[in-house]
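A single chain comes next, written as structure tokens; it is the form predicted alone.
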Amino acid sequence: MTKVATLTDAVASIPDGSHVSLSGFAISRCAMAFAHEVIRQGIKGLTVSQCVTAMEADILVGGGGVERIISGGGSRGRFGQHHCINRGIEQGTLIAEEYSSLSMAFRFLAGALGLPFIPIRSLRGSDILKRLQEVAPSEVAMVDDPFTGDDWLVLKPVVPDVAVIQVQVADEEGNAWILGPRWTNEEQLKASKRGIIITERLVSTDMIRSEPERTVIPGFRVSHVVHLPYAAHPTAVYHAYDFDADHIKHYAQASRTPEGTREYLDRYVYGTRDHEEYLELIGGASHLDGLAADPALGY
């Protein structure tokens, strides 16, 4: 059965107040078109979870749609910090559950495996744990090891309402390949109640079946498949296109202030009806061709 849908319809399936887990890592494989459409539709009160916060999370916060963020830190790498997220934390408009990236990976793994909790050593004695005990005391606890009697820190699993995963290849049933680094995307999808796949290429199920070992995301976990080339712009998608450095610098500068963020959103998000108009605004095919990945290197 086909699950192919428009981005508009896929986003409209997410109610206010939902917990959304995102696939991006810094400036790689970010669900940017998804974030733009969430802002256009005015969805509010979201909880966003991510192993390492990426650019799509920052713009969602800047657009006013996020109430809580659960992550292991993050930045735009060489392009600096996430100004919208940091500003929200500093001003108290954004609730932040800040973990280490390892402990976030453990929480997604626990959700994927259906565990009630997962033990971890790495947070003991850290300021991260002290802060979590203040901000999110229901997410961490101590238990006795039934075998040794040792005291163990345990974390509650992350179980998002929906995982939004940007991929390179998928079929109409939602079976998908992630080429290159996967980070915690597989665990995020398996921990979530359902998944939305945004794919650069839509291929036949016969092609997917011809190389079953490459299928990271099984279709039965997916509710919507959105075929949308360059959906991660200005971030990179391995073996599809590189990041758009100039545009990321432009966003980084604009997002330093609330006024600059609003101007950016007015031009690139609210000022465009959909992702196709956005791509035309940033330069269209002639500009995007210059970002195409080298077939050998993947970037």
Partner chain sequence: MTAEFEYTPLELMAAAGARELRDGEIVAVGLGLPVVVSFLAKRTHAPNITLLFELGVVDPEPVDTAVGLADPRIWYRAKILSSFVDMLGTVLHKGLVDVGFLGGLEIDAYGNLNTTLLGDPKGKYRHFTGSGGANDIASYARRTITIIRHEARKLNEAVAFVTSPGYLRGGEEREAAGLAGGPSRVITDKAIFDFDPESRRMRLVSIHPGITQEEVLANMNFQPIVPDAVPTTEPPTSEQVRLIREEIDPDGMYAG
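What you are looking at is a predicted structure, and each value in this text was computed from that prediction instead of being measured. Residue numbers count along the first chain shown, from 1.
If you look for the form predicted together with the partner chain, you will not find it shown, but the lines that follow are about it.
Heavy atoms within 4.5 Å of the partner chain in the predicted complex map, among the stretches 210 to 218, 192 to 200, 156 to 164, 85 to 93, onto 85 to 93 alone. Residue contact check for A105: one or more of its heavy atoms lie within 4.5 Å of the partner chain in the predicted complex. Although the partner is absent here, A292 is not a contact residue: none of its heavy atoms lies within 4.5 angstroms of the partner chain in the predicted complex. Among residues of the shown chain, A112 is not one whose heavy atoms approach the partner chain to within 4.5 Å in the predicted complex.
A residue is said to contact a partner when one of its heavy atoms sits within 4.5 Å of a partner heavy atom; P116 fails this definition for the partner chain in the predicted complex, lying far away. Here is the short version: of A26, L46, A33, I70, the single residue with a heavy atom within 4.5 Å of the partner chain in the predicted complex is A26.
The three marked residues, V52, T184 and A236, each reach the partner chain in the predicted complex, with a heavy atom inside 4.5 Å.
Counting a residue when any of its non-hydrogen atoms is within 4.5 Å of the partner chain in the predicted complex, the one hit in 280 to 296 is A296.
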